[in-house]
Every structure is written in C-alpha cells, then in structure tokens.
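Only one chain is given next, in structure tokens, and it is the form predicted on its own.
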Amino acid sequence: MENRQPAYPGTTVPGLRTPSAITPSGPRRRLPRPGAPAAAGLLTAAALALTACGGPATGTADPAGEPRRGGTLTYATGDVEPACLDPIVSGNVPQALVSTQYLEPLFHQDEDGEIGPWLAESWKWSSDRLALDITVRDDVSFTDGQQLNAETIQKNVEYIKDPKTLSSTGILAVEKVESVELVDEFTARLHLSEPDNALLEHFAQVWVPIQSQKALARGMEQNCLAPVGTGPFTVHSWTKQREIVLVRNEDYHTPAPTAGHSGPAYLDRIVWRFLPDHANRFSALQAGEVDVIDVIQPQDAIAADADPALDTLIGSRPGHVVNLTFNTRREPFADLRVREALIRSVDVDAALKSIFLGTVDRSDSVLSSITKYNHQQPEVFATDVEKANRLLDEAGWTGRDAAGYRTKNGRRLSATVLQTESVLVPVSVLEQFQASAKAVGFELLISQEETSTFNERRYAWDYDLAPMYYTKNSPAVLNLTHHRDNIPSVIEGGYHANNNGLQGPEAERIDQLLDTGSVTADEQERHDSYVGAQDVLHSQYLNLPIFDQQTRLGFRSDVEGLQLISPLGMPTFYDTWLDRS
C-alpha cells in the first residue's frame, strides 16, 4: 500500500492522558447529553484515541440543536492531491480521505474490531474456510442506476486483480481470492487459495470499496475522474491542482450501521481544496475561508485551543506506525549490530518533545497503539549510547577519521536517510537523530526528495533508511510489510510493501509466524503468532518506530457532527451540518 501522506505524526494512546499541549483549560465543545448514544461509525477511545477539545475522548459532540440542512462545507487538505479519485488505483491516504465521502465497503468494522454488515447483508464461511459466500442487500442502487448484486462483487474483484488497474493496496487485500462464483442474483462465492483471517477486515476498508460494475467497465481513466459508489456524496467535478466538488446523493439510504441519522446527508455539497502550505491552510481556517483543515501542526493546534471560534479533532490510525525502515539488502544495515547501534544512539523522546512540543507519544512497536495485538517493547528501543558504542566496536567499526566518524578498512561508517514531505518525518527530527548518531561516530546523511524521486529510489531499493508507514485495520498489516513474499514489486520495478528486505533464518521464522496468524481458525493462536512475530522482527531491528499515524483536524466551531469513522479514522461528513443562520 502506498499510504503516502504528509499527515502530522503523533499518537494519543488509549488509557493515557491527552497531551497537555492540546488539552483545553476549560470546556468549549458541547458535552453529550447523559445517556445519549455515540454518533454513528465513530471510533471511541477504545479503538481510536481522540481529542475533541473541551470534550471527552470521542469523535463528536452533542449538536447545539436540530441539525440544519443545506450549505457548503469547504475542506482544505494538506495531503498531496490524488492522482486518481478511485482508491483501488494505487491506494493511499489522500485517496481514502476524499473517497470515504462517496464510496462504501461491504462490511462495517466497529471500534472493537468486530465485523458487521454494511452493503453486505450476510456472509458464511465454508467448513474448510476456502470459500466465502457474501450476500448483498437487494435494495441498493449506485448513483448511475446500476443495482448492487452478486455480479458487482465479481466485477470489483476482477477489476482490482487486473494488472491494468495498477492497484497496489486492493490487489494485496484480495491476493488470496482466486475466483468469484455467482451463486444467485445477490450471493457471490469467493474461492480462496488458502484461509484468510483478514479478508473481512479488508472488505471493511475504503481501499476495497464496492463500485458500480457499469462504471468500472468504462475503464480506469474514466473511473479515476469520477468513481461511482453508493455513498452520501457524489463526485461532481475535479479541477486538478485546485479542488474537487462533491454534491449530496439525494437517494442515499445506506449509512454506516451506527450513523447518527438516516436518509441523505445534511450538507448540499463539499468543496475539497488542496492547500499544501501549513501556514496558509491554518490562516484560511482562522479567517473563515475554509471550514475544516487536516494535517494541523502542533503550534496551530495550540492556537486553535486558545481560539473560541476553532476546534480540533485528533485520532490515531491503525496499522504500521510511522517509522524509519532499514534496508538490510546492503551495507551498513545488512549487519544487525549496526542497525541496533543506530537505534540505541538516537533519542526519539527528546526529538518528539522538542519538535512536536510534547503533543505526541513515541511508539515502541511496529504496530500502532490501537491495532489489535500490538506489542509495545520500550526496552528494545530505549536509548543506550554505551551499548551503541559496544555494538559498533563488535561490528569492527573501531577506527576514527579526522572528522570523528568510525571507520573500517578505510571506509567511513555512513548511511543516508531519505526524507520527503509525503511521509512526514520532518528534517528537524532527522537532524536530531543525525547529531545523536554522530556522538557514537555514525555519519547519518539526509537526502530531501520530492515525492516522485522518493518513490523512484524506494522502488529501486536505493536507500539505507526511509520513512514508511502503512494504514490498515488489522495486525495482518505485518504480512504485507514484513513477509518475504512482498519483497518483490507488485508491478515490475515498482511498489513493494516489504521495504526491509530481510532474508535468512530469522526472516523465515517471521514468515512462519505471520503465515500462522493469517490462516489459523483459533483466535488465541492468531494472537500468539502476531505477538511472536513482533518479538522476532523487533529483535532484528528492522524499523525504528517513532509515532502512530494520526488524523488531525482543525475546524470552525460552528461545524457540527464532524466524525472520524471506523476502522481507519478517516473524516466523514454524512452527519455534519453547519450551525449558521
């Protein structure tokens, strides 16, 4: 999965106090009425740690009164503009953010990770778990008039698996689906190559949405411009490098199972603007030129907290945390001792405190703090300069050059970390890592790249360290990011989900654990397999975990009903309305 985004990195861990820098001194958000149910589809603290300024750790606040219909909401994103509005093509966070408004999945995954129906009405596994029958609702039509039926599932899977579609996320999600059989008009049978515990989770993601088969038949180019789904909004227009205009689906009647209302959305339309500059985006929010912004920066979150006209909504995302990934396929990080030495030499906590103003917590696992079976191991990643020096001595880097860097056989101990705004590990953080590494004689160079060249170098394995993350609502994300099957590119010379490239006995052990976790029918065995896999890959120091991915929104206080929807923590505007006369 590409999953590239310049999202503000951070985490609010369930059970921990919200960071004081973004905790208001007094209530501004309206508190829920006693006994009032949580609004639909939103992730609560148990699954998505949220900060709604002045209110509890939930994703919405009680509205000021009866919702008002009508109006235009302007959303300004700091994410890169999608190259395609269909998240099946490629598959990244910018696509997920916008497509959540017009596409819907087969299943709903709640804040506890439980799967329930959405566009699907029911499902049934075969006894050997090599076949899955999915029955879809018989009362749903897409916005182009095409009825949802069993053929819809068949054509969507075929579209995802077609190499011409250039899918990198969806194709990995359905890789075990060998064929789709039409059982009857509304029931499709998916035949699998082997059991897949994560398949229902996959079909609950916006990266595997259900689209009109009639629309898919138009071809990728047309579908990229205006995908056709069943969501509360439809794509009206796309002026590239400026904005996407979404309009209300007047016939909408398939809200998430726990939605706050039924029927069409309240808003008339959404204008989705592209404002990559952080300062300009926040200034536009302050001036009332836009209603909601994402990728809100730490200093801006603090400013919003002090402004009664503004609010923030912040939540962690599931999956593989934002991290620095080691390329083990070449020196110096082919040596485990050198990988651990670099990790032990840097002070992640100090960097986060100084650069992110104390508003985020570090991660001590490759899985985010809200992902099932995450295994936090702070002792594995703790700073230990003495051990770093000892490891480098053991690895033979015992010489020193005139600049104070370690050498071996006349060669300096040096590594280059790529940096790009599309996966935001800021240069200022890397510079602190650079200074820490120098103290043990390790030269860490920083290569700032445009998104295009960052991806070219990543695809070609032309890096020593690179910032990575992967948004996914399942511990099976590790099957993608750390299994050897995903070292080769999905498309020749292109994207590969495994970016560490580890081979050898330890990689085989990781594969065995991940394979067991993927296919076992026993939940305890699944838990033990994924925890065990983290034990092994943590011990191999394949990644330096830094922080959970986050969705970070700033918005005008007269925007009501804004939510982050399960399972990926994407904003949804179905229940949103404007408290304006």
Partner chain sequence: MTQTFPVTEASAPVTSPTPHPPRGPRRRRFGPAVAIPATVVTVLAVAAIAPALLAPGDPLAMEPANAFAAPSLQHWFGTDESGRDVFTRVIHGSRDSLSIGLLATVIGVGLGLLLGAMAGWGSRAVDFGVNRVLEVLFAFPNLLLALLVITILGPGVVTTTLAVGLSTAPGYARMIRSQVRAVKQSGYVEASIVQGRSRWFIIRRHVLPNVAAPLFILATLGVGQAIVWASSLSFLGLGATPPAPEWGAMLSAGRGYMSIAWWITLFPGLFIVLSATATTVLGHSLQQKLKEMS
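These numbers come from a predicted model, not from an experiment. Numbering follows the first chain given and starts at 1.
Omitted here: the form predicted in complex with the partner chain. The next part is about that form.
- Annotated contacts: T383, N389 and A439 are all free of the partner chain in the predicted bound form [non-hydrogen atom within 4.5 angstroms].
- The stretch that touches the partner chain in the predicted bound form, counting heavy atoms within 4.5 Å, is 297-305, out of 297-305, 464-472, 323-331, 153-161.
- Contact between A350 and the partner chain in the predicted bound form is found at the 4.5 Å heavy atom cutoff.
- Using a 4.5 angstroms limit between non-hydrogen atoms, S428 touches the partner chain in the predicted bound form.
- Within this chain, L357 lines the site of the partner chain in the predicted bound form, having a heavy atom no more than 4.5 Å away.
- Contact check for Q432: a non-hydrogen atom falls within 4.5 Å of the partner chain in the predicted bound form.
- Screening S179, S262, T398, Q448 for any heavy atom within 4.5 Å of the partner chain in the predicted bound form leaves a single hit, Q448.
- The contact with the partner chain in the predicted bound form, taken as any heavy atom within 4.5 Å, belongs to D277 out of D277, D184, D393, E250.
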